[in-house]
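In the form predicted alone, a lone chain appears below as C-alpha cells.
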C-alpha cells in the first residue's frame, strides 16, 4: 500500500507559467503607475528570480541593478505599496485569462481528489495571488481543494529555506515520507529536499538549466494523454503522464 497521503505544490512556474508573462508584466505596470522608469526585461527578470519573494526581489533589484535610486524615507512602505499594486495588476491578468494552468495540472489535481489524496500549497507568492490563480483557472471553490495554503509571509525565511514546507507538514500533521512536493526551480528543490520531501520537478524556460540532482524525476511538464511529458532526468518506467499511479511508483 502506498504511503503517499498528500501532494504539496509550488505555485509560480509549477502550477502555471506565471513568471515571465504574469508577474514580470505586472511589476512593470506597477512601476509605470508609480511614475518609475524601471523596466524589467525577460532577461533581467530571469536573474531576479534568484531571489524568492516579490518585495525581496524589488530590494535586490535596487541593491544590484539600480543602486543610484534615491530611496524614500518610508522605504518599507514604498516597497510594500509597489508589491500590492503589482498584485492588483497580476490579478487582472488572471481574470482576463492570460495565465492558464500548465499541462496536466488540473487533471492531476482532480484525480488526486477523487482518490482521497490530500492537497496543499507551499509557495513564496502571496495568498492573494494563489487564490486568484486557482479561482480564475479552475473555479471559485478551487481554493477549498487545498487543505493548507502556505504562502507569502506566513514564515519568516522563504525558499530555499525549508520553513514553508515545515509549516505545511505541521499543519497537515504528516511526515515528509507521506508527501510528495512539486517544484520548478533550484530554490524550490533546495527547500523541499531540506524538508526531506521527495520532489517531482517540471522545468520552465527560466529554470531548465538549474541543478535538480536530488529530484525524484525531472520533466518538461506533467503531461496529458495527447501530450506526453519528456523525461529530462530520471526514469518514468513506461509512464507518459504524471498520475497517482506514477507518483506511487516513484516514491511509494
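The shown structure was predicted, so the numbers you read here are calculated from the model rather than taken from an experiment. Residue numbers count along the first chain shown, from 1.
Just so you know, the form predicted in complex with ligand XBP exists too; it's not on screen, but the next bit is about it.
The partner is not drawn, yet in the predicted bound form one stretch among 109-117, 94-102, 169-177, 78-86 has residues with heavy atoms inside 4.5 Å of ligand XBP: 78-86. Contact annotation: residue 241 falls outside 4.5 Å of ligand XBP in the predicted bound form, judged by heavy atom distances. Taking non-hydrogen atoms only, residue 46 never approaches ligand XBP to within 4.5 angstroms in the predicted bound form. Within 4.5 Å of any heavy atom of ligand XBP in the predicted bound form lies no heavy atom of residue 25. By the criterion of a heavy atom within 4.5 Å, residue 12 is counted among the residues contacting ligand XBP in the predicted bound form. In the predicted bound form, 123, 124, 125, 126 are the residues of 108-126 with at least one heavy atom within 4.5 Å of ligand XBP, listed from first to last.
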